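Okay, here we've got a single chain as structure tokens, the form predicted alone, with questions on binding and movement later.
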Amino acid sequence: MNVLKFGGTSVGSSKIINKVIGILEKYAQQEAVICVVSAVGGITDKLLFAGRQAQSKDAQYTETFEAIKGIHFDIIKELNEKPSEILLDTVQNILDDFKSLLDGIYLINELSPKTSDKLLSYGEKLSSFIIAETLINRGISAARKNTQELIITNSNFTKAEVDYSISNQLIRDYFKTSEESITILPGFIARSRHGEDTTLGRGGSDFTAAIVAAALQVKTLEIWTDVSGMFTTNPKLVKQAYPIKSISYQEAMELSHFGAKVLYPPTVQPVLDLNIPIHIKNTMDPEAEGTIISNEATNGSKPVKGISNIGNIALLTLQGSGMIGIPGFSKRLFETLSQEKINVILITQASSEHSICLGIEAHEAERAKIAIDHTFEYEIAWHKIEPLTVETGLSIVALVGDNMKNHQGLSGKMFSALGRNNVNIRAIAQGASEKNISVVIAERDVKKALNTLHEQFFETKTKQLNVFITGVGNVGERLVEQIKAQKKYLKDNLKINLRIAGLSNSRTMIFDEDGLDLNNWKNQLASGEKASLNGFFDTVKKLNLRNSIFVDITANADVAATYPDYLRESIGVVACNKIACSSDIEHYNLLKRLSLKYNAPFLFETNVGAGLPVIDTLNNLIASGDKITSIQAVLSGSLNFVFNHFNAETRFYDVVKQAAAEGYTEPDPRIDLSGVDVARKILILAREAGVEMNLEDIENKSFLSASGLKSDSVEDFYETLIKDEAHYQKLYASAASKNCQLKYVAKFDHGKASVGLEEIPQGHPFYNLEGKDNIVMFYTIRYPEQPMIIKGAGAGADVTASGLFADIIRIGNN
């Protein structure tokens, strides 16, 4: 004999009920089937809502009743071409009885637990009768048996306790004489010894099926639902979650207790001692393998079997110096909660005995505080302990696995993974059996926490990076295209799953927590929402994705000012923008401190030399114990381009215009030609070398004309270039007369820095520097005479984008 249970989602519509009937017919061809059914999906909530409306004198309960009635008669008509009179009449009688109960609740203005149980029983009564009569109408050998005649309980309404000695005998006696191929039983409902309607509590239909399976000692209990088994974690929150093939009873109970809604924890109890396996199956996909729950489950190579969570948790903390060494505090605390019928989900106590933390359901927190403060009012009045503190908006996340006790460092991996993603842990609990490690975290962090832990314990060492880019201009477009081209390579070779989750330019911005479609991002961005710096940050924070990286490809001071906000949220920052790192030293140091404090990478390789590994090389020298004594560099690709193309036959204005057109200068060329951009770069190198200085400490020997320095706008500046051509030709003539090249040089020497135009003689490493190339020479303790030289393209959209890309990959590899 087979025992199958179908939940509310499996009987939620006529279409799905037809699937159930098909499954039952297939099973009945082999041997007799007992089918336990829940109420039609959503009906239990509607029944309770109607009852509460009636209790509160809301006459609209009649409208809710009519909606419930309509749902059931629609299902009857869709399942049966010609519904039998017995089906229509019986369903109408059940509904009339239900309506009379609602009218009574409305009149007396009361909804007691006893009445609530009777109210809720109508859902299963209706669904079971409709399915049974549909089977009979189709000529299938079937019958309906009222479970209230088989399962007897006490009078603990809403969560009645089963009298197994009576119930088991009634079940066995009935099925000894049952001849139908299929027997339909309503789940969830029972009857007390005094003949009153009772219910078996939340998830009671699973419980009903387990009671019947245990009484008849069947080979397997099958629980049919809308998913293909118990998953490694919640698949609605973690897309990479997958079904667990086999799991032990204990693991299943732990996962179910901590929020895995596929199975109701008490379900396991009746079949546990008899070692009857539970098979979780998918009504929508009957051929799926599902999950087997038994004593013979294997764990494979993974110590963690699943990750689960419970939401809407309140954390209660009782603390005070008067608790230390005084016996009885815990007893009084738990007795108080027991008297209030408040269930404790999690317990943790400091070894100092100074505090006890409890996790309970949030809706019971206010009642718990009133009761506990009353119990300890004497101690609170004498300041021996503090009034109970209550924190809400919390959730519990739990790692579960029988073999966790055999693996060292699991808790360390769990805590460090959460810490790296700014998931603050409010409380920790772990039993001596080490089958469960539970942490209390903020509700808003649940999705990120589950994804982080699933990636850590279940995925093939693939790290997901979620990138948010602002400033999608020339360089930004190249970066997006580079990421698009390399996505597969990164995943296959570096085990990095790189997704762009947000893009913004100066006008619009777009987001997608699952990753933007990089084949159509331009059209999406063109029709995106209005861009704003605060809006961009708020959305990144709200999405709360693990391993988030903010990429700034602007030259905007307002954007740079947002870096601390991102770092405080443990969101990495990759900056092309030089403003932040060349701001005042206090702000620069703040960014460094925030990066360390919140474990948020702050990388800005492209600040100096675009894609050249200048800062990375400098940091490696320092980290290895070397010391920078001096730096000489040509750090402006735009200025090098300008002076490599400027001569007696060209106009300085034309060369600058060409550099701007080819993307070698900032939109405002004064930033480059004034030397400010180069001064920022040498300042950044000096700071990375360990010297504290500000931009005003750098000597800037400008080559621009007086009128060029005083220009009020970009247009005015270009006008001065035309007007002051003689000034620039004089600079060129002076260098040419000495057979020298003009180069804009940055210098740092023993704590002092300067930038300015210099005449470079033949034989010098800078002399033959062509095009937009940069060169940096590091003189150090280890390189005192022959410097370490880094040379290459120091400007251009592609190389700058590649430098940003390299920083992103560097974060992924750490």
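Numbers follow the displayed sequence, beginning with 1. None of the values given here were measured: they were computed from a predicted structure.
Note that the form predicted in complex with aspartic acid (ASP) isn't included here; everything after this is about it.
For Gly637, no non-hydrogen atom is located within 4.5 Å of aspartic acid (ASP) in the predicted bound form, even though that partner is not displayed. Contact annotation for Val755: none of its heavy atoms lies within 4.5 Å of aspartic acid (ASP) in the predicted bound form. By the criterion of a heavy atom within 4.5 Å, Lys447 is excluded from the residues contacting aspartic acid (ASP) in the predicted bound form. Heavy atoms of Phe643 never reach within 4.5 Å of aspartic acid (ASP) in the predicted bound form, leaving it off the interface.
The stretch among 22-30, 743-751, 57-65, 37-45 whose residues place heavy atoms within 4.5 Å of aspartic acid (ASP) in the predicted bound form is 37-45. Note on the partner interface in the predicted bound form: the residue among Gly322, Gly203, Gly515, Pro564 having a heavy atom within 4.5 angstroms of aspartic acid (ASP) is Gly203. Comment: aspartic acid (ASP) is not present in this chain, but in the predicted bound form one of Tyr664, Phe188, Tyr122, Phe457 has a heavy atom within 4.5 Å of it, namely Phe188.
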